[in-house]
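There is one chain below, alone, in structure tokens, taken in the form predicted on its own.
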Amino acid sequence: MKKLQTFLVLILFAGGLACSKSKNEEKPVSPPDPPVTEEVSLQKKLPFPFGAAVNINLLKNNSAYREVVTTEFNSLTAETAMKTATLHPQQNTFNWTDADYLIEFARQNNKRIHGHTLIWHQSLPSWITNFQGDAAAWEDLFKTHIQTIVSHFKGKVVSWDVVNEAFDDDGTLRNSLWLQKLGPDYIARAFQYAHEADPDALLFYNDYGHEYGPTKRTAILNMVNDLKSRSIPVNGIGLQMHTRYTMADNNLANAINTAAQTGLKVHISELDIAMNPDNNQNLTFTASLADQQAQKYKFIVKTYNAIPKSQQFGITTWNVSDADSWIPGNYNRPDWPLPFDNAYKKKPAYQGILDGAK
């Protein structure tokens, strides 16, 4: 009996060893790999540069603003830091501080800088508006202003709005200080002076209202084509596109496509889509309005993406979020013109932009 018991114990022990060995030889089951989530941002998903005009104070001091700028955009325009009153406050004084800060931020974050703007009828300091001198003195002021700025940023700013808003809505040249003092060909000379200072910079004529109708648009296109025919170094057209959600799609398409017909680069340079053009003080931003805005952004991007790739300089929104937009303050009304809301969260317009490039 003892022998039988011993035999049974040995069998059970051996079976336990075998089971243990078998278990030890089983490969442990690894947990499944987490799903790969693709980073979505405008700068990564769009087939052309997508940018914003930026406020330097917000870039320095608002972490949410800085995060969106860093993550979403690969082309930056200075909202005010390169305008004349900021950059050239006295005849012999240039204030480079904020513009240089933007240049360094762009360098560190691998972003393109578009310069805005060398010659404009607004943002003029008193030393220019009160300047006394003959034609030669005005020409020297004009040339020195352009070339000092372009030379300072040579190799750092890839492109410039050389002349901004030189036309009135009726298609005539605006009766600006520059026209009065320098004559109608000041536009051509501005491009020549900028090109002399930085032959590698791309030079744009920038204006609003291309989508309003043919009157002003035709005058701009005729001027640009005339510059081309005279071998004036103009490389592109900036369509500001401060537009509204009620603007007809056909008008927007005509603005983009007629600019492309010049063969020059096309920059949608100051895009925003106003949602309260009637100045309704009690309007709220409903889901329906948000969807209509998204569809309008989508149409603009889709139309732009259809022009030749070699002419797609990019799209730039005028600032980053609804909280930073010029529109509510300028028109004293509630409005929501940009793809990010007051808290820097993505609105349906953001997806509309992405959908436009699909």
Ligand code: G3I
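A quick note: this is a predicted structure, and the numbers were derived from the prediction, not measured. Note that residue numbering follows the sequence shown and begins at 1.
As for the form predicted in complex with the named molecule, it is not shown, yet the points below apply to it.
For the chain shown here without its partner, which stretch in 225 to 233, 79 to 87, 246 to 254, 140 to 148 has non-hydrogen atoms within 4.5 angstroms of the named molecule in the predicted complex?
Looking at the other structure, the answer is 79 to 87.
Quick one: from 270, 198, 72, 211, grab the residue that has a heavy atom within 4.5 Å of the named molecule in the predicted complex.
Contact with the named molecule in the predicted complex is made by 270 alone.
Of 286, 122, 97, 108, which one comes within 4.5 Å of the named molecule in the predicted complex, counting heavy atoms only?
Going through each option in turn, the one that passes is 122.
Taking the named molecule in the predicted complex, would 116, 164 and 318 all count as contacting it (heavy atom within 4.5 Å)?
Judged in the predicted complex, 116, 164 and 318 all sit within 4.5 Å of the named molecule.
Hey, in the predicted complex, is residue 276 touching the named molecule, heavy atoms inside 4.5 Å?
No.
Answer with yes or no whether residue 242 is in contact with the named molecule in the predicted complex, where contact means some heavy atom within 4.5 Å.
Yes, residue 242 lies within 4.5 Å of the named molecule in the predicted complex.
Wondering, does residue 299 line up within 4.5 Å of the named molecule in the predicted complex on heavy atoms?
Outside the cut-off, so no.
Considering only heavy atoms, tell me if residue 48 and the named molecule come within 4.5 Å of each other in the predicted complex.
Result no; residue 48 lies far from the named molecule in the predicted complex.
Taking only heavy atoms into account, state which residues of 323 to 351 are within 4.5 Å of the named molecule in the predicted complex, ordered by sequence.
Read in sequence order, the lone residue that approaches the named molecule (within 4.5 Å, in the predicted complex) is 326.
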